[in-house]
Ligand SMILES: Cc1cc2nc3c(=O)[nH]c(=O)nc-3n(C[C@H](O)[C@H](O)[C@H](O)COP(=O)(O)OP(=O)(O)OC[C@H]3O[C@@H](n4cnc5c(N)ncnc54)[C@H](O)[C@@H]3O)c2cc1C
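Only one chain is included here, represented as structure tokens and corresponding to the form predicted alone.
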């Protein structure tokens, strides 16, 4: 059967699902996207995220020092990290697996794959921005540090980046001012990552949706409840409207919701929701031109046209989407420390957006065909790298659906790697 006659159902309308639908529809497949009920609370972490494309992020979330730093932050209600305690076997297993992978050996095993995926995804981001006509700002990212310890840590990361061929420049305060002359930054120094980019997630998602529709794709606002299977085939997706959506092939890109859909298939794919918040301001005086990461507060700052998006926190919380006002205030206060011409009072009336990043316990996405189902491809678990890795993930999904040999060795990302 040619691609023109094959139907693919993509489960999930976030950035991974949309990129998958984009490349599949470009290849001639009949694509439908099951994106959930648009009137329900947001579970996608695509719309309000920081909009960063980051080849600089070659170190996975599970890395040395993450656990010890997280424990130090646990008692601070404004800190950028929190693990919500609860009696939950899935959470206990996730923590155990995360601890097992938070070591230098895992970082060494992962860095080349993450580098290569990120650089190819960046190339595809540039290609997409040109073909689908939305802005992609290619001016790099500033990692800003206010402490000697923080700066030393980031200089070490920059040195490791040089070893694998990534670009990074250690900057003193004057160099930071030269790179972003509009912004009034208070920092001891930082790192400039010239290969990083940023964009507006809203523009990106809108362009992808329009392209999928232009290519004949369809969007269905039903929530997936269960995957139906027979032997080695997925036979349909039961929805909250009492319908069963059927196709020849299926792509599961449902973010944190993917775990509930794979459980009865016997697929152990541990994930926890990593809650993050963002605030979007109006136009500010001395608005930054470059996106930045604020080291000590773990806050992301991204100019988006005449607006500025400030984002942060990582709350390991399952699927809880409640808003912690203390942590939102922590984000605001961290921003104001680095940009001292602003005071927290100026941002307190902004409504925070909240999203759940799908976090695997080794910090790597799930991408591939599960062992027991021939017509299913899974693409989830990207954590904070979803938007950055979305184009290459979508392209690889297209290769897997079409039976092509993937352009990367995906064995470290296999959906069955935890059993």
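What you see is a predicted model; the values in this text were computed from it and never measured. Residue numbers count along the first chain shown, from 1.
Another form, the form predicted together with the named molecule, is not on view; read the next lines as being about it.
### Query
Even though the named molecule is not shown here, does it sit in the predicted bound form so that 138, 196 and 364 each have a heavy atom within 4.5 Å?
No residue of the spot touches the named molecule in the predicted bound form.
### Candidate stretches 22-30, 383-391, 368-376, 61-69, one within 4.5 Å of the named molecule in the predicted bound form by heavy atom
Heavy-atom contact with the partner occurs in 383-391.
### Query
Pick from 267, 261, 247, 336: which has a non-hydrogen atom within 4.5 Å of the named molecule in the predicted bound form?
None of the other options qualify; the answer is 261.
### Message
Please tell me which of 233, 182, 223, 210 lies within 4.5 Å of the named molecule in the predicted bound form, judged by heavy atoms.
### Response
Going through each option in turn, the one that passes is 223.
### Task
May I ask you to check whether residue 36 falls inside a 4.5 Å heavy atom distance of the named molecule in the predicted bound form?
Answer yes; at least one heavy atom of residue 36 falls within 4.5 Å of the named molecule in the predicted bound form.
### Query
Does the named molecule get within 4.5 angstroms of any non-hydrogen atom of residue 102 in the predicted bound form?
Contact with the named molecule, no.
### Message
At 4.5 Å between heavy atoms, is residue 401 in contact with the named molecule in the predicted bound form?
### Response
No, residue 401 stays farther than 4.5 Å from the named molecule in the predicted bound form.
### Proximity of residue 79 to the named molecule in the predicted bound form, heavy atoms at 4.5 Å
Heavy-atom contact with the named molecule at 4.5 Å: absent for residue 79.
### Query
What residues, if any, in 342-362 have a non-hydrogen atom within 4.5 angstroms of the named molecule in the predicted bound form?
Going through 342-362 in order - heavy atoms within 4.5 Å of the named molecule in the predicted bound form - the hits are 353, 355, 357, 358.
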